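The chain below stands alone, shown as C-alpha cells; this is the form predicted alone.
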Amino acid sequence: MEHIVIIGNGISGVTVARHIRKNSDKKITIVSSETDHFFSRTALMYIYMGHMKYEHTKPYEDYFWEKNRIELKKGFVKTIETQSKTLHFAEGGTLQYDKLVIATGSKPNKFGWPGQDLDGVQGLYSKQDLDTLERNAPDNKACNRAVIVGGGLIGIEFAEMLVSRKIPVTFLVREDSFWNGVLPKGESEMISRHIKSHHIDLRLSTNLKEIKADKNGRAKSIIITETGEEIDCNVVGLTAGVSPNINFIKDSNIETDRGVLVNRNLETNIPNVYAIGDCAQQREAIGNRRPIEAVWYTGRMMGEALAQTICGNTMEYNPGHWFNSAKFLDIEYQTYGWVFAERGRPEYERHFHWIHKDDDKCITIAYHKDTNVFLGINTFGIRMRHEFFDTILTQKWTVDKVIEHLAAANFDPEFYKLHEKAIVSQFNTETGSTIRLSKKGWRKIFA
C-alpha cells in the first residue's frame, strides 16, 4: 500500500491528509513535533485571553484520526534522505515514505539583535510559544511591562493578549505609521490612532537596538536605536514577520530559496516530494500574489489541490482572487482584490477613501484611473460579502457600478447602522458623479 507521509499538522498538512483519505485507501502518516493533534493556530490568542480552552481549538475529536486511519507520529524531522525515501528523526529512528508532503509552516523572524535568544524573548506562532507566554506573563505582577517588536498582524494580536491581562505594552514599529507597507495612508493612520486609544505605548519610526539581560540570563530591558532610551520589561515579543520553517531541508537535495520551490502542481524538483502552505514558494508568482503566502486559507487550498494530484487527478493550485481578513483590537478588517499601500502602488491605481467621523470605520476602493475598472477594496468596521467581490472582480465591474451596488455587498448583522449613503455621497462629490444607491439584493444582481 502506498505510504503518504506529511510533515506538519497545521491546516495545510491536515487538509491534504483528509482529502487523500476521502479519495483513497492509501496509508497516511502525519508527523509533528508541536502538538499531538491539529488545532486552530489563529485561536491561540483566545486561549490566553480566557475566551477558550485549548481543547476548544481542536476542530476534530481525538478519535477522528484513528477512525479515519490517519496515523499521527510525534517527532522532529532532522534530515530527509530522498534517494532512500527516509526521514531521520532528532530523537532517533526513521520513517519510510512513498510520497512526501512538506507542510512545516513558518517560524518568527530574528534579525541578529543582541539578546534575542534570552529567556523572556519569544515569538507568537506555536502552541509552545503560547505555553511560554503563560509562564513569562501570567499577570501584571509577574510581568511589569512587555515590549513588542514589529508592527504586523501577529504584533497587534500579541498586544491585545497582554492588554487583556492589564500588562502594560510598548509597541516598537519601524514605519512612521502602523503597517503602512500594506495599508494605504488613511487606514494606517486610523489604526495607529486606534492602537493608542487602547493605552498601548505605540512608538512609530522606532527600532530595537538590543535586549539586555539580568544576572539570571533573562530579559530585563531593551534599548531603542534612535534615542538610546532603555525600557524595563520582562517579556520581549518578536513579531517582525515570519519566514518558511525549512532549516532541516537545507542539507537535502530538495531545491529551496526562501521557501521550498514548487511548481503550480506543488511539486518540488524531487519526484514524489511536494510542499504546501507557508513553507512553499512558487517558482513563478501567480498574478500579483507573492511567491510565499503565509495565509490560512491558501494553505487549505493547497492541501485540497495536492490531494487530488496525489490521488491521480492532477490539479493545479489556483488560489483565485486575493482576499484576507483580520482584527485590529476591536476593528474588523477585510480586503478583496488589490489595494496597494503608498509605497509600490502602480501608477494606474487610484484610491477613493471614506472614513467615519467616529474614526473606527473606513473603506478604501482601488480602481484603474484610465478604465475605471474596480481593482479591490479594504474595509474596516464594515463587513462585506466575499461572494460579491469575488464575482465582480471576475466580471471586471467599473468602480461606478460597485459604488451603486455597495449596499448589496454589506454583510453586517441586523440592526447595524449602514453607511452606504454617506459613502456614495462623498464619492459623487469627489468625482463629479451622479450615482444613486441601488436597493437590489446581491442575489438578484447575479441571478
Partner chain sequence: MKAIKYIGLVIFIIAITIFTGTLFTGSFGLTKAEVNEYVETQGYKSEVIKQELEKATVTDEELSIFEFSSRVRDAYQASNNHYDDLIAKYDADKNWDKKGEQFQYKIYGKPHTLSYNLAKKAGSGFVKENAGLMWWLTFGLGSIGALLFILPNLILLGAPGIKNDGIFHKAATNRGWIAWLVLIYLVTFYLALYFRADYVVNWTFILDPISEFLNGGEASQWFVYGFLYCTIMSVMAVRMYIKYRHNKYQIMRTTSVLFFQIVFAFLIPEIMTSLNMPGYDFKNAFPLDYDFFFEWNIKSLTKSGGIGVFILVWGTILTLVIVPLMVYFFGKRWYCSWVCGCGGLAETLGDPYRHLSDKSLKSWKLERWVIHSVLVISVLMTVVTLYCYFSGAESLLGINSQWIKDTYSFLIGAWFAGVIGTGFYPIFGNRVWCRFGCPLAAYLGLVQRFKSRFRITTNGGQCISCGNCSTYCEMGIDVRAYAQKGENIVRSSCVGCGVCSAVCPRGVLKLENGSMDGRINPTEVLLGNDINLMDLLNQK
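Here the structure is a predicted model, which is why all the values come from computation and not from measurement. Numbering follows the first chain given and starts at 1.
Here the subject shifts to the form predicted together with its partner chain, a form of this protein not shown in this document.
> Is Lys421 one of the residues lying within 4.5 Å of its partner chain in the model of the complex, judged by heavy atom distances?
Contact check for Lys421: no, nothing within 4.5 Å of its partner chain in the model of the complex.
> Check whether Met315 has any heavy atom within 4.5 Å of a heavy atom of its partner chain in the model of the complex, and answer yes or no.
Contact with its partner chain, yes.
> Is there a heavy atom of Thr42 lying 4.5 Å or less from a heavy atom of its partner chain in the model of the complex?
Looking in the model of the complex, residue contacts with its partner chain include Thr42, since a heavy atom lies within 4.5 Å.
> Would Glu61 sit within 4.5 Å of its partner chain in the model of the complex, counting heavy atoms only?
Glu61: yes, in contact with its partner chain in the model of the complex.
> Which of Ile392, Met384, Val31, Val399 has a heavy atom within 4.5 Å of its partner chain in the model of the complex?
So the residue touching its partner chain in the model of the complex, by this definition, is Met384.
> Quick one: from Gln426, Asn23, Ser433, Ser438, grab the residue that has a heavy atom within 4.5 Å of its partner chain in the model of the complex.
Only one option qualifies, and that one is Asn23.
> May I ask whether Phe111, Asp119 and Asn245 each come within 4.5 Å of its partner chain in the model of the complex, counting any non-hydrogen atom?
None of them does, since no heavy atom lies within 4.5 Å of the partner.
> Pick from 96-104, 301-309, 206-214, 76-84: which stretch has a heavy atom within 4.5 Å of its partner chain in the model of the complex?
Looking at the other structure, the answer is 301-309.
> For the stretch 46-64, I need every residue with any heavy atom inside 4.5 Å of its partner chain in the model of the complex, listed N to C.
Counting only heavy atoms within 4.5 Å of its partner chain in the model of the complex, the contacting residues of 46-64 are Tyr46, Ile47, Tyr48, Met49, Gly50, His51, Met52, Lys53, His56, Thr57, Lys58, Pro59, Tyr60, Glu61, Tyr63.
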